[in-house]
Every structure is written in C-alpha cells, then in structure tokens.
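In the block that follows, a single chain appears as structure tokens, in the form predicted alone.
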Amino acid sequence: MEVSTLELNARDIQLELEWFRQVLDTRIKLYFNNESTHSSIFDITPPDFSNSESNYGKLVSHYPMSFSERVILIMALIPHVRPNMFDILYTKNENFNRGFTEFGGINGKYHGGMLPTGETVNFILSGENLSSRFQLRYLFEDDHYFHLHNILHLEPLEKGQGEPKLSNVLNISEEYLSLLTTGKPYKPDYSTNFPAKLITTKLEWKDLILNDNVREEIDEILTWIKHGNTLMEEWGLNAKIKRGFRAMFYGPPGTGKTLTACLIGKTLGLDVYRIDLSMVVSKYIGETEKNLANVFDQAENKNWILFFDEADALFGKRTSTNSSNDRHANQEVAFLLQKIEDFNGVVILASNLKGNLDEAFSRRFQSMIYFPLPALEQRLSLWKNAFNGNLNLHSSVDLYRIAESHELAGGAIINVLRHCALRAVQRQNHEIHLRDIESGIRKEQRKEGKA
C-alpha cells in the first residue's frame, strides 16, 4: 500500500521531535548542572534522512542542514505539531519568582503554549557560550536561505522600539508549514496581508484569437519560463542578465490581456495572482510600498505569475516635484520599479494605454506586447467561437456581416453572447435572433460612448 506524503511527513517529524526532546532535556540538565548522559547537546545524533521520501526529510537533505539549522526548523514547527513540548521552559526561577529570562519565549494571544523566540533558540543551542550566540545570528540574517527561500524568520508580534531582534518570535512560513505537514501546495487566501486573487480560466489557446506578432511574443515568454533556469545556470547567463521576466500587455479593453496571462499559467502549471490595487495603494506615506513589498516577499521563489491589471493606477508617470505629494508619488514609482526589477519570478502588467505608464518601465521589461482590436478575420473567428455551443442561430443571422460591420474586442463579443443568452432564456428557447445580437452590440457601444 502506497504511503501518503502526509504520513511520510508525520513519520519523519516524529523522529525529529524525539531527537529534539533529547536535545532540550540535555540542555536543561547541563544548564542546571544536573546529571546527564551527554556532555554536549551536539553529541546527540539527529535522524538520518538522506534516503527519506518525505518533504521534511528532503528539505533537511537538500541544503543540507547543519545540527543548529535542524534544531531551528523543528522548533519553528513545534507550536503547530507538538505545542506542549516547550512546557518545561515554563519552569519558574524561584530566586525572582518569575520565568527564566534566558529561556526566551512568549505567550501568544490565543495559543496555549509557549511560542519560541530567538532567545529560546540561543538558550538551547548556545547555553551561556557568547561566541556560539554571536555565530547563531547569521542564521537569521537576510542572506541565509531560511530568509531567502521564505522558510522561517523572526517575526515581531508587536512593534516595539529598542526590542532586541532575538526577542522576536520564531515563525515558519505558511508555505512550508503546509509543505512539511499535509504536503499540499500553499495557496494564500485573499486578505489584507495578501491582496491578490488566484485567477484561472476554463478556456484554451484555441479560444484566444490573436495575430501572429502577439503569438510570437507570448511564445518568447513561455520559452523563458520553461528554459530560464537552463539559460541562467548551464549557459552562464546569470552573470549578465537578471533573473525573472517582466512583460507589459497594453491595448484596448477586452483584447485578451487577462486571458493570455491565465493561459500562460495554465499551460505551464503556474498559479496566476491578480493584484488588487485597491488594497495596495494607500494615501498614507510608506503604506503603498509596504503593501507591495509584502506581496513580492510572499511570491519570491514560488513560481507564481504576478498580474497587475490596470497597472497605470499604480505605475503611472512621474511628475515634476511641485509638492511633497508629488515627491512621495515619485518615490512610490521608483520603489515599484526596483521591486519589479529585483523579483526573480514572472511579472505581467496590463494597461489600456501604454502612454499612461512611466517611460522607465520600457527599459526594465523584456516584452512590451500590444493587443490590438481584432481584424475582420479574427472578429469572425471570435463570433463563431462565441456562438458555437448549444445556442441556435436564426437564419437571419449573418456572422460575417456582423463582424464586418462592428469593430468589437473579444471581451465585448462575450458580453453580447451573455445578453443574447438571457434574451433566449426569457423566450424559453435556445434560438438567437439578429435583433438580440444587435441589441447586445448597441449595449456595448453605449459603454464606450459610441452610440
């Protein structure tokens, strides 16, 4: 019987917990000068996961993790998988009628057990050895893989000026918590902490009618995503070009910009997240940058595609600095440019008008793709694709004449289809009349101020 990823993770984490229990017990005995089987916690050999098939074992072996790194990893998991394991650290210091400062740890708002902090890590791994304590700081620096790959970090529960960094809580990311327990890929929920929505489509490339030039540009994006790592690592281009891919889609509404982004993700098995700009942009100084940085930090190394629709609302042209508001707006644009340039994934910006965007973007983007209104043949294909389902066209309907007479984008044609379907269901049949289509077209033209 095949063992599930969840069961494999549970088996190896159980072994790691038993090892850590010995480490913690030994540290406490040594600290209080009690009799101990071991003279050092480093004499306790961790489990061998070199041939493990669990996500936990694979992660430990991949880097490979040192003794100290493994202690930190399992400590970050304990509040989620074995919260009572830190209860022994609630031991009271009878001399001062309070807990031991050196044990670190804090009580959460709702969590019943102790949440380990950087001080807890230092106590277990260093005891009173200052040299070891200083060396451990590197494990929480920005250039360590714990931070670079968003595995775990020290997170302050509340802002406090002058608080030591090691007083912050040891926190494992939601992505790795999911990976190391249930084994399921982490897909963040839409919230103020992650103002982005996962977007998908049931359509295929055959449903998207584009001209050859646009198709060629899209193929370049697909090729980069498929072979970018090969080009960077094996071909040695990482010394000359930056990681990631930045594309700009611009053109009239309804011409397929969002659908193209969805199909790129669908083709390559990547999640596409549309950033909700209403929750990113803030009138308060520094908040927009903070919100956007949070999105990019969570997306780093995830193989996600970040899609900014109506991007000119966030990435507009910089202006002359006539006021403090102008300076702040310009700082925002400069910050966003830098975040996009440094991001190692795929970013797609969409705008109806290229001219609304800051000119500096063109130098930082690998593709600037114009999505024009479809030509006659493309419009005819769009009309045929839209009405080729269970709906019956009345004999008076000539799709060629309709396509020839009206310059509509694909999105507008789909809106006409919805309008016609509603008319038909009101009549309790599946037949589409010419007057239904003409009524739907007039409705779309009124939206654009053309009728």
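Fair warning: this is a prediction, and the values are worked out from it, not measured in the lab. Residue numbers run from 1 along the displayed sequence.
This next part talks about the form predicted together with a small molecule, which is not shown.
Picking from 169-177, 70-78, 95-103, 254-262 the stretch near the small molecule in the predicted bound form, with a 4.5 Å limit on heavy atoms, gives 254-262. Note on contacts: among L115, V121, I209, L89, the single residue with a heavy atom within 4.5 Å of the small molecule in the predicted bound form is I209. With the partner omitted from this view, the residue of L203, L231, L222, L270 that lies near the small molecule in the predicted bound form is L203 [heavy atom within 4.5 Å]. In the predicted bound form, at least one heavy atom of I414 sits within 4.5 Å of the small molecule. Using a 4.5 angstroms threshold between heavy atoms, L382 counts as touching the small molecule in the predicted bound form. In the predicted bound form, at least one heavy atom of N352 sits within 4.5 Å of the small molecule.
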